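Take a look at this single chain, the form predicted on its own, given in structure tokens.
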């Protein structure tokens, strides 16, 4: 597998507080790379920094995407190059139907979309097209439904790298299985996946994993071994917003 994302000594400071410290990670095409760690350790901040969100510009370090340094590119420019982010809390769009939402996402990547494509994408996330295409992407949809629709949109975009920020958060077992299948689809399509998760079930889908705590990488390698280290050997940090360790163990 070829390398698609390379992070070199990334440092992020927000409101004079160090959030990420010398993060260095590599992700390959078709690889599912999981990032785990306690709440508030910097996982989502890493996702936002990689995507170039406003306010998350790194203080130092570099981000390479397909061997190109992209640290100074905007969110839109990164998206056009094939990067996309699925939020932990998917957005609501008043007055925008599911059909419009799916079409806009695909067209942003220059993909011509037909009705059969929309229906295929929704079926892939276990949503019945006839019941949802005309509905609005608003509060009438559950969080799990919006997450699956967002993943359907990403399928239609055909990106090269997907950043999933806790896709398992707030969903039921059925939706969790659907999301797992979509991650497998991404892998089969040779799409790189950066998976931020707290779920052991999601972690089983990963090829590689990294543990982040206090904004630093402490362990990188086999997902099961990294998870075991986090559960049974990692101790609460005294220097970085201590948390009760038993409250952040994966599925404990």
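Positions refer to the first chain, counted from 1. Computed from a predicted model, the values in this text were never measured in an experiment.
Just so you know, the form predicted in complex with a small molecule exists too; it's not on screen, but the next bit is about it.
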Using heavy atoms and a 4.5 Å limit, would one call residue 56 a contact residue for the small molecule in the model of the complex?
-> yes
Partner proximity in the model of the complex: residue 166 to the small molecule, non-hydrogen atom cutoff 4.5 Å | yes
Contact of residue 208 with the small molecule in the model of the complex (heavy atom, 4.5 Å) | no
Although the small molecule is absent from this view, report whether residue 233 comes within 4.5 Å of it in the model of the complex, heavy atoms only.
-> no
Just one of 42, 192, 223, 52 has a heavy atom within 4.5 Å of the small molecule in the model of the complex. Which one?
-> 42
In the model of the complex, which of the listed residues (66, 187, 198, 28) lies with a heavy atom within 4.5 Å of the small molecule?
-> 198
Hey, of 223 to 231, 32 to 40, 199 to 207, 57 to 65, which bit sits against the small molecule in the model of the complex at 4.5 Å between non-hydrogen atoms?
-> 32 to 40
